[in-house]
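Shown next are two forms of a single protein chain, provided one at a time as structure tokens under the names structure 1 and structure 2.
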Structure 1
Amino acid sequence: MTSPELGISTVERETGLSKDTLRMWERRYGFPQPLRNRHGERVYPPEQVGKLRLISRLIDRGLRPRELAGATLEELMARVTATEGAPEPLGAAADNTLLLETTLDLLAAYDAAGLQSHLSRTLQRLGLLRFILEFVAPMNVQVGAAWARGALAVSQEHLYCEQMQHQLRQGIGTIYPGARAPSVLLTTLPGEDHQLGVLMAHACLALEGVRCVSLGIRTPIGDIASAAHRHGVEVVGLSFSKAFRLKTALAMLGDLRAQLPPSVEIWAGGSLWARPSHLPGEIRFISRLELIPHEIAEFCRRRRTAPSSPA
């Protein structure tokens, strides 16, 4: 039987805060204040881990740890809703509110077969593009929000991702491969497990007739660079979920940029880039899936203007 308390390694994984940072906060701000096991090692109660998760999210939004460390759980929640906006209106998605609600209900009921059927029918009814833009994307936000406030178990989130992935692949499989515009290598960086982002991008790109090569998730940076060369692609596309640490992402993107020849562009997409911030110009950030066609057009324009002539 495992005790509910977590070691520092587990907390690092759960919160995304490095061991060094956890120890430093304890030293400087007095929070977190883990217990110690008989061996003198830090042991974090679950409620502190939850608080850390919240703080971690707020810091990504630009807040400072000093003040957050002393805040109560209620204050943090208030801060989250304040920075993150309303608790997900759900009415924003035009006419698809019912579809979203039905999905959440099926998930809540652990109705795997019903969910499968519902997703499949929705895909066929809307068509792949509208399925993604009007259903999957807002649905991901809903599921993420439900997960963040503890309304969804791990297994329910897994079930959702698995079945949605299945539908997206069904959709992608029916697209006859094109050979237009830029050829794109798709994957995520190490630490980013969320596959749906890659699949949605894959579908949107394939629907534009673009040649896509997907490497799945978590490809080391060096391997991305060499694969880009071997596959002869013009663009490396990366997906980042909201959970990914902004600083880490920028650092790794910088590394990758340095390892790729200048002729290969980097396109970074995903909910991480939804809110504005100072971003380097050598990488193209695509905040919404709707912008993909525009981005492709821009690419073609750039290439026409300045034909491939590396210094």
Structure 2
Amino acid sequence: MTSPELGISTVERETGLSKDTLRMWERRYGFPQPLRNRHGERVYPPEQVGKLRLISRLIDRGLRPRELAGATLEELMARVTATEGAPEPLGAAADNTLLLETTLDLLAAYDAAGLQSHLSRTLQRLGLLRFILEFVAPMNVQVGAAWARGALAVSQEHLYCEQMQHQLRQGIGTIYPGARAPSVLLTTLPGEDHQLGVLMAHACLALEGVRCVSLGIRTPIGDIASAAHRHGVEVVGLSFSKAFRLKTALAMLGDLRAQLPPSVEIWAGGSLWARPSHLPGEIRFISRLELIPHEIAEFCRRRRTAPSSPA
């Protein structure tokens, strides 16, 4: 089945590259090379969108677009692996590989019912924490790579996200609300549409007994600050996918930091922070979900050793 071409607004959302940037690269570098639909509007074949997605990730790692525009998809993927590192192998290699391959096969067949049943059985078998760390995290990498190669259409990627979100919400719903510090407000910033990271973090925090308040995605900065005050949380946790522009993320985090009281920490998690250096010290950057228990312990240590405010 041939994947449909994507309009420029969809490409902007999926790659993090603005419409103006896409048009400028088209003129300056001869890539991308969009087609035109019957209305004369730009549409982009899946293989070009996959390249754009990889180029966007590499630009955030300091490379220049003119160095990347003429590269093949395979060359770009090799450079991504070189700059970001290959995903870590799973523990039970053969068994988990079969689970991942089955998921991709069900997606390729557009088998929504089969996918839901497969994910539900996998969750029950592994338990929520192992499901997230051993299955969901590497599965997200594989689905993203398949999308970049053009092996999965946007509709299939969205099907995967919706089904996985459903499973994670069900898993979170089985956890008895905890009261362990810190209390955490979870959301994404405007422009970040990926909710899986928020749900995965929510589940990992809740399993540690942390009280979580989730606002979903794309919450304006001023509303985050207001909600943090109203809910009396000690941490604002934000998820960033690799599609989010690094410079934009840092600027928005600085804005949010200025609107929150010093007593409220900001934890920024997600795949965007796997490699960048020179990150501001006033933000806690968490690149892997496995680090959440350590961050909770460190938070409690910081609070115990913090000087008391004068009466």
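Please read these numbers as outputs of a predicted model, since none were measured by experiment. Between two forms, the rigid core is defined as the largest C-alpha subset superposing within 1.5 Å. Numbering for residues begins at 1 and runs along the sequence of structure 1.
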With both forms of the chain shown on their own, indicate which is the form predicted on its own. 2
For a quick test of reading the superposition: does L129 move by 2 Å or more at the CA between the two structures, rigid core aligned? no
Core aligned, does the CA of L35 move at least 2 Å between the two structures? yes
For A71, state whether the C-alpha moves by 2 Å or more between the two structures after rigid core superposition. yes
Could you tell me how many Å the Cα atom of S56 shifts between the two structures when the rigid core is held superposed? 2.8
If the rigid core is lined up, how many Å does the C-alpha atom of E14 shift between the two structures? 5.4
After superposing on the core, C-alpha shift for E47 between the two structures in angstrom: 8.2
